[in-house]
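Single chain ahead, by itself, as C-alpha cells, in the form predicted on its own.
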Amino acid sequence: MDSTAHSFVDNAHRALHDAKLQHSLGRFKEGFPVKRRAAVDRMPEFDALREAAREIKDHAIANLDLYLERFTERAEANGTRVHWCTDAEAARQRVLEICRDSGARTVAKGKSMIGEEIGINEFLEAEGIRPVETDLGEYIIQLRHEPPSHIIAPAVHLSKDQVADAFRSHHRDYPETRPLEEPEVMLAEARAVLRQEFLAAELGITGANMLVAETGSVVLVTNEGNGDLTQTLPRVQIVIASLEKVVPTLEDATTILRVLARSATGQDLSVYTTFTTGPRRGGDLDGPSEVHVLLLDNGRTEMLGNEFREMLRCIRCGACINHCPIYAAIGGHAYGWVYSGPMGAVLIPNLIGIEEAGNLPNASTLCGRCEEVCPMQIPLPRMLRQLRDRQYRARNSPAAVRYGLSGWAFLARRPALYRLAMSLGVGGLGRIGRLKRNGGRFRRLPFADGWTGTRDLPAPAGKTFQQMWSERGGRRQ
C-alpha cells in the first residue's frame, strides 16, 4: 500500500472532523481496554509471564541468526520450502513465482499485517491474480478499497450501516432490498460468500504469529477460523513472516500465547490457535500438498543493530494502540501506513524512513500508557523521544518546533531567566483568565491553535509550580 504518513497532520485534521469516525472511535474505547483489564485481573501471575515472555524474545533476537537457521533446517526437513527475502519487492516476486508455478488465479488470504506491509494484494491484482481477504474485517475493507485501521480490528472505524452498504454494492447475487440491520445477518451473508471463495482458491496466503525453531512449525492465531481454512483447503500455502517472529521452542511459544490474547482482546486464548508443521502427509485428511515460508527482512536487520532493537519484541497484540489517547482521537488511517498507534509511530519511521514519517513520533502525549500495557514491555515513549531527537538533529522537524525547542533550551540552561519568563507568562495568562466570563478558560489563544481548535484551554492559576512550592515551605534547588 502507498504511504501517506508524510500527510499525517492533514490526515489527523480530517479524522477529527469525521463525525462517523468519531462515533465509531467512541465505542472502541469501551471495548478492548476494559476486556484486557478484566483478563489481567483474572491472572495473578500475568506480570511474571510478561517478564518470561520478554526474556524469550530478547534471547531469540540476540541469537536471531542461530534460530532462523534452525527453523529453516527443521522446516525443510518437514517438507516446507523456505525462501529468504531481503525486501518487499523480493517477497512480492517470490509470491508471484509460486502463484504462477501452481497455476493459481484466485488466492485466499488470511489477515496479515506483513502482507499489508509489502502491498501483496495490489501487486497480485496488477498481475491478474485475484486475492480475496477471508478475515471478516479485512474482507469488508477490501470491498471498500481501504487499508486496515487497526492491526487486530481492521474495520473498527466503520459503522454497521457502512458495512451494509458495502455488502449491497458487491454481493450482487442477493436481493437489493434484503434487510441488513442485524450483525448476525451480515455475518451469515459474508460466511456464505467467502465459503465459495475458500473452495475456489488454488493457493492460500497467511502470516505467522510465531515460527518455532525447535520443530519448524508455524503458529497462527485467529478468532474466526478463516486462517485454518486458508491454510488447509488450497493445494498450496504461502506463509509470509518477518525475521523476528522466530522463537526457540514450543514451550516458549505457549508462554507468549498466554500474554498475547489477554493483551489483545482480553481473551484467555484466541478461539483458533494452530500449529502447522509442513505439508500434508500420507495419512492426513486435509492440508496443503505444498508449503512455502517466506522469511522477510525489509529493514529488520537494520533495527537489530540500532537503538530501536527492542521494537523487534513486538508481538502485534495491539495493546498499545487500544490504550493510546491519540489513536482514540484520530483512528488508524491518519497514520498513513500499515501500522498505527505508538508501535506504528516507532515502526513506520524505521521501515520507510524518518523523512517520510517524521510527524508520527510527535503523535504522542508520552503518557507512558503504551509501555505500561505492552506485554513485551517495549519502551515506546523512550523510542518516540529518540526519533524526535533524530528528526530535530536532521532539521526535518517544522521550523516552529525547532525554534521553540531552541528557545526553551536557552531558558532551561539559565534557571533564573527561566523562572522569570515562566512567572511573567503564567502570571499574565492567569490574570487574563480571571477576567474572562467563561470560568477562566481560553477558547482561542495565539500559538495554541492546535489545542484550542478542538477544546478549551484552562487558564493557569497565576503562579508557577516553583512559586507555589516555595510559598508552602519547599526549598528551591
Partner chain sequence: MTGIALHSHDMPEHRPTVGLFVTCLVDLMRPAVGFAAVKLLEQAGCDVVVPAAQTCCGQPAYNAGDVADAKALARGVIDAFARIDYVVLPSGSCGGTIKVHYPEMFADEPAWLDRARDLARRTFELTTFLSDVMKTGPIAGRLEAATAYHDSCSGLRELGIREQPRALLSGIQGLELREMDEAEACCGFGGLFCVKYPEISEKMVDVKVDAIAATGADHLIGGDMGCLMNMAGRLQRRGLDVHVRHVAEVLAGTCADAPPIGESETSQAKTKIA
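The model shown is predicted, which means the values in this text are computed figures rather than measured ones. Positions refer to the first chain, counted from 1.
The same protein also has a form predicted together with the partner chain, omitted here; what follows describes it.
Against the partner chain in the predicted complex, the set Ala126, Ala200 and Gly299 makes no contact: no member has a heavy atom within 4.5 Å. For the chain shown alone, Ala412 is a contact residue for the partner chain in the predicted complex, at least one non-hydrogen atom being within 4.5 angstroms.
Mapping the unseen interface onto this chain, Arg105 falls outside it, with no heavy atom inside 4.5 Å of the partner chain in the predicted complex. Residue contact check for Arg385: one or more of its heavy atoms lie within 4.5 Å of the partner chain in the predicted complex. Contact check for Tyr392: a heavy atom falls within 4.5 Å of the partner chain in the predicted complex. You can rule out all but one of 328 to 336, 170 to 178, 116 to 124, 313 to 321: in the predicted complex, only 328 to 336 has residues with a heavy atom within 4.5 Å of the partner chain. Along 4 to 42, residues Phe8, Val9, Ala12, His13, Leu16, His17, Gln22, Lys29 each place a heavy atom within 4.5 Å of the partner chain in the predicted complex.
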